[in-house]
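Quick heads-up: it's one chain on its own, the form predicted on its own, in structure tokens.
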């Protein structure tokens, strides 16, 4: 049964966001900055994190549980603010819900492909790279583009544990950037929500303008699409946070990306 209180004004329904943890807050923060009048819900699936080492079947199951939760909350749209879920689960759930679903990879690839770059690099998690979704989606809209994807398994811990000044972290970032530069890309997509927070290191080894933060493109795309669909809210701005485990940990780590003022609600999902 839906918990709808928005029957008289469908525009006032909230927008849901989800990720395995706090990384999706990088997208969420930009959304709140760009469209502050929207009511929002954020779900961090800490019980199942990290997503990068899960099977596709598990990731699809997690996505369905969270989307079912948002359905109960009567959302008008859900933002998959997680590259791994966009890569592994979106295609299997996209037609099963009446609300809009915005996956970060597919949405951004469509826009980036329109820029007609000849070569694009992608830094991403191992799960995202293995899926090949960035290459597939970019080539769908620009068949001649050359795409080179590199997985960076150590980058999320660098951000979450504030290891920016450690020698091993600096060397790892340099090595990955050097490998990417051998490909001579026109632009490099930072294909994980944590990676833009490495810009202070990345720009030491390559021009800052080389790198694309998908969050900016993604939020502009969502705002435009909600506007075209007549779904923008003019009078909201509330926010609530939910987790599947460890609300204290979520609130503590969230400050890297966004100031979560109150402890998230802890919600047990079906699986």
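Between two forms, the rigid core is defined as the largest C-alpha subset superposing within 1.5 Å. Numbering follows the first chain given and starts at 1. What you are looking at is a predicted structure, and each value in this text was computed from that prediction instead of being measured.
This next part talks about the form predicted in complex with a small molecule, which is not shown.
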Answer yes if any heavy atom of residue 49 is within 4.5 Å of a heavy atom of the small molecule in the model of the complex; otherwise answer no.
yes
Answer yes if any heavy atom of residue 125 is within 4.5 Å of a heavy atom of the small molecule in the model of the complex; otherwise answer no.
yes
Do residue 192 and the small molecule come within 4.5 Å of each other in the model of the complex, heavy atoms counted?
yes
Do residue 77 and the small molecule share at least one heavy atom pair within 4.5 Å in the model of the complex?
no
Mind telling me which stretch in 51 to 59, 33 to 41, 241 to 249, 211 to 219 gets its heavy atoms within 4.5 Å of the small molecule in the model of the complex?
51 to 59
Does residue 160 count as moved between the shown form and the other one, where moved means a C-alpha shift of 2 angstroms or more after fitting the rigid core?
yes
